[in-house]
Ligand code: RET
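The chain below stands alone, shown as structure tokens; this is the form predicted alone.
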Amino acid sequence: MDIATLSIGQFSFVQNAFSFGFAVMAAATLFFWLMKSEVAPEYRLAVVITGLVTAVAGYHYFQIMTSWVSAADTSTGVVVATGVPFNQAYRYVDWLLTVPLLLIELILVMRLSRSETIKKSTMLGGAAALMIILGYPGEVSQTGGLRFVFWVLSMIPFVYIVYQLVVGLKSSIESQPESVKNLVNIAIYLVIGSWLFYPIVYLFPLVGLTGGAAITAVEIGYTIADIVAKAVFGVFIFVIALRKSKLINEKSETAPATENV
């Protein structure tokens, strides 16, 4: 990444986006952790993990923002590289931790059987980690061909995850209470939709975008995808937990909760 190809406007735009990302993640973390007592004990772990996802993301956005500022000197009104490289690894370390947790929080809030929860969490979490690991070499590569090869490789676990979310969890979704079934479906498609940003943005440097425009598009695209996939998705997880908690409270005096409630 040649940061000196950025205009001062592009540099500031990206910096402001990182700042906004950090603020969103920090605010979301406080909300989820402070509100976890509002849901039934059965769903508090899902809400705690939701907050953990945004907390980890918030920390890394602070580091990303700091690294971005350190990589350039704008005191003269133009962007001049300082020689300190912008650390792109922060994003991938963040994704390696948070992307598997995103899938686990979804599984937990659905409250499947213990064996199915362990199986789905392991399979989906492992595939998510593999997807991130395979994407990183292409991200830091200066060769377009190598970037494309690792894009293809990382898309294999990505397609597997999408299949499992849409097809593999279909029967589990059908067993959810009517009041949350639609929300669970929306949450799943929100994950898929936001995740589609990543492979599309990953390809920007290969489809004609160059220099500052490519850098800006990639960093802004990743930031938007992160906010939707973590903070917005987390709100859906919290609302699902809240509604299912209400059902438990309503049924507690008349009958034991069903397995998926």
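In this text, residue numbers run from 1 along the sequence as written. The shown structure was predicted, so the numbers you read here are calculated from the model rather than taken from an experiment.
Below, we turn to the form predicted in complex with the ligand, even though it does not appear here.
**Q** Residue-level contact is defined here as any heavy atom of the residue lying within 4.5 Å of the ligand in the model of the complex; does I49 satisfy this criterion?
**A** No, I49 stays farther than 4.5 Å from the ligand in the model of the complex.
**Q** Counting only non-hydrogen atoms and a 4.5 angstroms cut-off, does I107 reach the ligand in the model of the complex?
**A** Judged by the heavy-atom cut-off of 4.5 Å, I107 is well away from the ligand in the model of the complex.
**Q** I'd like to know if D226 sits close to the ligand in the model of the complex, meaning any non-hydrogen atom pair within 4.5 angstroms.
**A** Yes - in the model of the complex, heavy atoms of D226 and the ligand come within 4.5 Å of each other.
**Q** Does Y92 make contact with the ligand in the model of the complex, using a 4.5 Å heavy atom cut-off?
**A** Looking in the model of the complex, residue contacts with the ligand include Y92, since a heavy atom lies within 4.5 Å.
**Q** May I ask you to choose, among L165, A187, L102, V79, the residue with a heavy atom within 4.5 Å of the ligand in the model of the complex?
**A** None of the others qualify; the residue that does is L102.
**Q** Which of I132, V180, L169, L112 has a heavy atom within 4.5 Å of the ligand in the model of the complex?
**A** Only one listed residue qualifies here, and that residue is I132.
**Q** Counting only non-hydrogen atoms and a 4.5 Å threshold, tell me whether T98, W151 and Y222 all contact the ligand in the model of the complex.
**A** All three within 4.5 Å in the model of the complex.
**Q** Which one, 31 to 39, 65 to 73, 212 to 220, 196 to 204, holds residues whose non-hydrogen atoms are within 4.5 Å of the ligand in the model of the complex?
**A** The contacting stretch here is 196 to 204.
**Q** Are there residues in 163 to 187 with a heavy atom within 4.5 Å of the ligand in the model of the complex, and which are they, in order?
**A** Nothing in the stretch sits within 4.5 Å of the partner.
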